[in-house]
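Quick setup: one chain, the form predicted on its own, written in structure tokens, and binding and motion questions come after.
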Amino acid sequence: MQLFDRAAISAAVTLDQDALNAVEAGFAALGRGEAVQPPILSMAIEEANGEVDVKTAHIRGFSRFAIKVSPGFFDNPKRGLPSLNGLMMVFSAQTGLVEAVLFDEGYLTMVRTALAGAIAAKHLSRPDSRRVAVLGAGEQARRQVEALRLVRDIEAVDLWARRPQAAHDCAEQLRAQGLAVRVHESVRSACADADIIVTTTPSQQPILSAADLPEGVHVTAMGSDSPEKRELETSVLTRADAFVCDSRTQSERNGELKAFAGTADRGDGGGEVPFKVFELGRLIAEGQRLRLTPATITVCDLTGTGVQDTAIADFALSRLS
């Protein structure tokens, strides 16, 4: 068994095209029905304002699978500690023996989450997209922009965050990468000229409405990954010409589809939601094109999947080895 720490892992794995291809291949395998992905195991530790999520998946043909343990303890910054942590355990898919422990402290989750946003934009946004609006100013806000530049020629960023200082700090980091960045006082102002909108907040109340959406925009919603979180008003979903998610069952429980309390149309005419739900993996695997005109509005809800974790862990170990 091998043990790798964050320093070694971050030196080997970056937001690059090879990593994106690995995660995209994982999504495609899920879309073809070539992956076993059990439900997320989630446990709240309320007295410490914490939670722990466990995700895993086996991708047929892969020699390894990963089990990720991802704790989030949100009072940690008061103690001078990071809110997020975790590790990935990698097992042989032939023998079940442990091959490696990737003590990445959440780094690989950050990478695969940012790459998922780029993959969604690759398949759903206009190819000529140049301007992105980012709602939120944490690490994932910046990483989403970095990953987007793998698939689109992003030149300008519009930022909004509830904490103005955080928005200005994030803006300075993005300007250092050669981007033109504006900080806005309202969501509507930030989104007014956007080709792509990315929401990256832990909000428990919707922050984006249909009235904020320019014609032809693509929206990637990253923040709603647990039952109490929500970033999009229902009007955003019903306004979209195409709604996509990484996992329908996860979106209904943890993501934006939970706004419809399980009533979403499954194609049998029995649902109350007036739109069809697509899954990103199947979209990729079948080469479906949902952007029919430049004016098409698309929305993708990403809750984070075990397939992404196995794909990025396998990729990381191949580079580390």
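Note that residue numbering begins at 1 and tracks the sequence as displayed. What you see is a predicted model, and the numbers here were worked out from it, not measured in a lab.
The same protein also has a form predicted in complex with another copy of the chain, omitted here; what follows describes it.
Interface residue remark: Arg175 is not counted as part of the site for another copy of the chain in the predicted bound form, having no heavy atom within 4.5 Å. Residue contact with another copy of the chain in the predicted bound form: Asn85 places a heavy atom within 4.5 Å of it. Although the partner is absent from this view, Pro294 stays clear of another copy of the chain in the predicted bound form, with no non-hydrogen atom inside 4.5 angstroms.
Shown alone here, Ala211 lies farther than 4.5 Å from another copy of the chain in the predicted bound form, counting heavy atoms only.
Residues placing heavy atoms within 4.5 Å of another copy of the chain in the predicted bound form fall in a single listed stretch, namely 90 to 98, out of 90 to 98, 113 to 121, 194 to 202, 241 to 249. Residue Pro71 is the only one of Gly138, Pro164, Pro71, Pro206 with a heavy atom lying within 4.5 Å of another copy of the chain in the predicted bound form. Taken together, the three residues Ala44, Val52 and Arg79 all lie with some non-hydrogen atom within 4.5 angstroms of another copy of the chain in the predicted bound form. For the stretch 56 to 71, the set of residues having any non-hydrogen atom within 4.5 angstroms of another copy of the chain in the predicted bound form comprises Thr56, Ala57, His58, Arg60, Gly61, Phe65, Ile67, Val69, Pro71, in sequence order.
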